[in-house]
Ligand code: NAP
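As a starting point, one isolated chain is supplied in structure tokens, in the form predicted on its own.
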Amino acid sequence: MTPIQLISPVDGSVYAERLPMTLDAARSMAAAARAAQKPWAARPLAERIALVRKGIANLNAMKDRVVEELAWQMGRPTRFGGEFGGVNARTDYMADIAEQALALVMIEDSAAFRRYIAREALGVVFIVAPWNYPYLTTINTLIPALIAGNTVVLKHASQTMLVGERLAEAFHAAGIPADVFQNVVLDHPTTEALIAGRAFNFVNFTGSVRGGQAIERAAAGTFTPLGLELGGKDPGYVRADANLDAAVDTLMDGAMFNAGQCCCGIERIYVHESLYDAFVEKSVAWVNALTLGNPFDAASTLGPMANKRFADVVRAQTAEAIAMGARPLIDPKAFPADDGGAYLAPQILVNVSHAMRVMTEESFGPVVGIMKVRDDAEALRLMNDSPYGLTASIWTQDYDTAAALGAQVETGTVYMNRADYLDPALCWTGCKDTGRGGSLSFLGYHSVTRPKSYHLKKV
């Protein structure tokens, strides 16, 4: 069997390799997860919560190791310290609301009847996690799934395969049984065979639209519920009443942080004509202040993309847009670390249109197009001219205006004066080709449980 290799974007070396499971071994693994589920669900909720919290505490104790490994695996500069802020905040929130979110709903409790609706764990939850925020995206489902009484099988992206190993190490050391949380290395055919064979009771996938389509095809006819977070092309809209400096700082950070490799990163910006010139000028200065370099260099604010092939997609979109009349505002020579490989200079494009792929197809890299708009109506039309719908960022001084515009945007989350952020109290969801389902908030518990009704009568 051919090993799965993790090629580091830092220097192109093989950083890790693992043999994928055979189909027989994978089926045995899934059977072990199923056998472990009911005993795990029978433990008191408080005990499950405490074990999960201890697992995250163990992960925090590995911070230095985790941050270094992240840089080697997917290129994020070590200066940003990994993903621990979000991991801890989301874990704490989901643990804090668990008792309320999972509480039964009593309809009647009398001498004649006891009628109520309970939430019951689905069974075995399968998480297929991506590489761009490898801890955060896993935590979104892992925490509520375990707390709710499910067992979990995690298949991480090959680009960040060590993330699953660290999570398993931390959670097993906390006392969570090995069969309750399993980290596995699987190839695509084995993954699809397990899903088609009803090995899992819920599949959560974060990745590309094509990947989501493959998951749906594998699950066809099994009635296995799916949570799918797929592509995105998130817009920002800067109205005439926006705080210009705040908009530039947040939207440029949303476009460039993590080398643009963010599920809810800003990929296209529409600016009211009265602020357009100033916005563009300030944005160029903001991006030119970045430093592209080795992620272990403390001066680097922008690391390599996770793989050369991802950078090639961005280069191709950018070159095509320029050939169609777009104007690049960032001189690549100002970023000498751009090596034509995984290290890619950031770029701002103007004179762009929706005839260009860079404004309509997911880029997932450090490039953003900026367009001038006349009014809200034009901005809304352009924001909705997309097959995706994850988040939209609206810049205004008025709550009611933002809410009214947000009601007309086809998206999962509406932001006012912020971007590229997940609030664990709000449901993380999308529409159109971005996928279906939701995580975080109390609804995140609904994704990994099912309602079960009890109608008890005395005679």
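In this text, residue numbers run from 1 along the sequence as written. These figures come from a predicted structure and were not determined experimentally.
Keep in mind that the form predicted together with the named molecule is not shown, yet the notes after this line are about it.
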Stretch in contact, per heavy atom within 4.5 angstroms of the named molecule in the predicted bound form, of 163 to 171, 366 to 374, 312 to 320, 201 to 209: 201 to 209
Within 4.5 Å, heavy atoms only: does Tyr135 come near the named molecule in the predicted bound form? no
In the predicted bound form, does Gly149 come within 4.5 Å of the named molecule, counting heavy atoms only? no
Although the partner isn't part of this model, could you tell me whether Trp131 comes within 4.5 Å of the named molecule in the predicted bound form, counting any heavy atom of the residue? yes
Taking heavy atoms and a 4.5 Å cut-off, does Val52 contact the named molecule in the predicted bound form? no
Tell me, which of Pro346, Gly231, Pro77, Gly227 has a heavy atom within 4.5 angstroms of the named molecule in the predicted bound form? Gly231
Within 4.5 Å of the named molecule in the predicted bound form, heavy atoms considered, which of Arg114, His188, Arg381, His354? His188
Within 420 to 459, which residues come within 4.5 Å of the named molecule in the predicted bound form, counting heavy atoms only? Trp428, Thr434
